[in-house]
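Presented below, as structure tokens, is a lone chain in the form predicted alone.
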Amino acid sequence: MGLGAVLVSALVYGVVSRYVNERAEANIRNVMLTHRGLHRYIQENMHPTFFKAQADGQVGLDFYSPIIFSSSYIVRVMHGLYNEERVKDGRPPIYYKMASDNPRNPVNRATPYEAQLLRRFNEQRDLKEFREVTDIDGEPFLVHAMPFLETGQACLRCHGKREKAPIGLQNLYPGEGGFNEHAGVIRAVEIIRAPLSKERYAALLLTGGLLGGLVGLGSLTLFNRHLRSKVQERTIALEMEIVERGRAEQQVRILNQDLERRVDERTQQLKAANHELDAFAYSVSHDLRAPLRAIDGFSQALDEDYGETLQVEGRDYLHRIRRGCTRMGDLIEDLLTLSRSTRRPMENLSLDLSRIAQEVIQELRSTGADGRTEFVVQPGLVAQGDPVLVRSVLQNLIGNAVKFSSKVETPRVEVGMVSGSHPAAFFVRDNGAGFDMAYRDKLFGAFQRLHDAEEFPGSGIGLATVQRIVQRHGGHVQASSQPGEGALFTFTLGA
């Protein structure tokens, strides 16, 4: 089980890390494409307009200014302003560079790594972009690079022979940088680099929470299986002893006395064993809650102490971990309730189901149930059974009816008896969400849910508890429904 949890967590960590990297890559690509669009606008709209103005005599032939003419300068300044806004918003800056091995401005000089990328794009013309995750100064970064536009004949007007370039451009850049380029060559590469430290930390945190939840759930499942196995073993042993004593008719009196003595001993043993199992159940549930409280506590501390440094996704992961801890605690309590419902000694008393249903409704209203719900309880409903267990049946069925009808405009819940039924069949009906009858076989299984847990929260244990209690009374429970037309649950409590 532990190995399986580790393998699942490793798989989840890989999937989450890949998702984080893909999200970061998509954001980087959006920034890159925005810059490329600005480059195109400058080169395809501003440049022709400027040269036409020069040809028409509106601008002097010796005029040149990178502020309104150089696409690399304009995009670099714009990206700097973009990073300033990111920092104001609490986000880390993103590295951007137009790297060239023959730049006019030294800030665009390619590093060895960037020069290698530039050569690669020139050698592999079908390569349109490059990305990789790499460590820089001990920190992980996502690097995304794209080749700049291939040098054309129009580009050589400013990047060809120096003496043929505009006079203003020659005067502004006295060196040879940016000149003497050739058509058909990619002269620059655009590079964006984004940090991944916080994203990886968030992925690791989520995986740790999932691993803890899987271990806790697996432990709880094994514990429940162990309890059921013990009860089954004791029951089988007792039944075998009873059968063996029935075969010895010639020793009826002696064997009956011996059987009574043994049955009494076994009963005391079963009571003691059940008491020990209950104590063990509460002890284990406490031990299971301890790591859940630790996970929830450290998640809360992490949120309070470092929440401001995390991105929105990281804080969302923390909140999901805390909600998972709360849900795991509810599952532990519901499983213990389900286990106790099958071992509790039963009483057989006359019950006023109408009064019990009204008490359950009052309890729901006092705990904040939707005040819009209309309740209709048929008077004079009587039955035989255990009052505590039958109350639990009505609590689960009426509570479910209120929950799944809460989304309709005029919710209505009815409690009554099927006319002419024998034995008496009681029902709880609502006008809520309903369910698909194709999945009714899963309805009474533990942890089986037919609706979204976010829309209708719950543990999936309630109907399993209802079925076991009804079966202990010698009855049966069934359901019928149509999606969007409410649900009808009918149950009997034996003859």
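Don't overthink the numbering: it's just position in the shown sequence, from 1. Note that the coordinates shown come from a computational prediction; the quantities given were computed from them, not determined experimentally.
Keep in mind the form predicted together with a small molecule is missing from the figure; the text below concerns it.
- Shown alone here, Q300 lies farther than 4.5 Å from the small molecule in the model of the complex, counting heavy atoms only.
- The small molecule is not drawn, but in the model of the complex it has a heavy atom within 4.5 Å of S70.
- For the chain shown alone, Q467 is not a contact residue for the small molecule in the model of the complex, no non-hydrogen atom being within 4.5 angstroms.
- Interface residue remark: N27 is not counted as part of the site for the small molecule in the model of the complex, having no heavy atom within 4.5 Å.
- Of the candidates A115, V143, L149, I356, L149 is the one whose heavy atoms come within 4.5 Å of the small molecule in the model of the complex; the others do not.
- The partner is absent here, but in the model of the complex a heavy atom of R187, alone among R120, R412, R262, R187, sits within 4.5 Å of the small molecule.
- Proximity of R104, N108 and A154 to the small molecule in the model of the complex is complete: all three residues have a non-hydrogen atom within 4.5 angstroms.
- Look at 155-163, 252-260, 357-365, 227-235: in the model of the complex, residues with non-hydrogen atoms within 4.5 angstroms of the small molecule sit in 155-163.
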